[in-house]
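The chain below stands alone, shown as structure tokens; this is the form predicted alone.
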Amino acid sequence: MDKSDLGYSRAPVGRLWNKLSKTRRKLTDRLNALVTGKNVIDPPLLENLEEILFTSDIGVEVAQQLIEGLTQKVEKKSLSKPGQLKAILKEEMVSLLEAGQEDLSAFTIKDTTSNILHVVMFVGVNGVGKTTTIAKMAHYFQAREQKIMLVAADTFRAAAIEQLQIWGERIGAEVINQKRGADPAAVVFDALSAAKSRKIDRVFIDTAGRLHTKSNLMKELKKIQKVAGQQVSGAPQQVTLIIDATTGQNAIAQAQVFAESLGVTDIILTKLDGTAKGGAVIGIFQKLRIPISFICTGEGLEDFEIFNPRKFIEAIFD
């Protein structure tokens, strides 16, 4: 498949560049100030650069890895001028993010040769924008002529059911729900039964983000997975973790719990427009090694796009 089909475009970053202005100011404004007037790359400069990377929420390990790479280039004389640092850093970051991101087709383009219903189970703690992100993703695939069904499996909060219903009405997608307190797995069972009979392309399952204990939540989510697999072979094909980018490096511990318990297939990052912590994308991916499928950069339905590593990195550099 041509990567252009997946959003891999060399086109100007445009709107994304504007949306990531807070992250860009935190990273590249200080990087520019660091190299201005400098003629050599010496240890103090590299130490200051490492601090800039770390405080830009890229993470300790990634910052050290990048600095080690730059140090080796300086020692080998392939890097000598401070003015070259930005371009080299940019390429190193792109390489870090592209590793493991080669094939997004499973997450973005439905296999038209298969009649198997594609089921996506969305997980994440409350407050990350899960329900809104589900609506954005539904809208994205509706625009690509796919028939979507939304499932309100977060029966713990009445507001979650109502919010999904409102979004369903707004975008014209059917929402399957039951009363508050119903068994989430039973809701999913009924929804998938209906989806098969109605020739739905994709089913998006909204799940709870917080119960009384973490073990209760994971038990509930695993039950949903099991029931989905009983209704549709191989389902859910995606377990998509929603992460709030404003939490920066703190999102890693949260993500690890879901990943270890549920086998997360991909990550969607939200609220990138409202934070200076966009650099955390690099650290999160490097630590978890889970593909980032989409990013959200605003409240609108259109503020949702396939994650393109090069486009993203170019948008956080000036």
Ligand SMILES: Nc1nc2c(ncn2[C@@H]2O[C@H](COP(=O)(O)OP(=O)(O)OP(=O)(O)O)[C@@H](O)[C@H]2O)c(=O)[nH]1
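The structure displayed is predicted, hence computed values, not measured ones. Each residue number is its position in the shown sequence, starting from 1.
The same protein also exists as the form predicted in complex with this ligand; that form is not shown, yet it is the one meant from here on.
This chain is displayed without this ligand, yet in the model of the complex the stretch 155-163 from 155-163, 84-92, 220-228, 176-184 comes within 4.5 Å of it by heavy atoms.
Within this chain, His118 is remote from the site of this ligand in the model of the complex, having no heavy atom within 4.5 Å.
Contact between Val188 and this ligand in the model of the complex is not found at the 4.5 Å heavy atom cutoff. Contact annotation for Lys271: at least one heavy atom lies within 4.5 Å of this ligand in the model of the complex.
Contact annotation for Gly209: at least one heavy atom lies within 4.5 Å of this ligand in the model of the complex. The partner is absent here; in the model of the complex, the one residue of Leu241, Ile205, Leu192, Val128 having a heavy atom within 4.5 Å of this ligand is Val128. By the 4.5 Å heavy atom rule, the three marked residues Lys136, Cys296 and Glu299 all count as contacting this ligand in the model of the complex.
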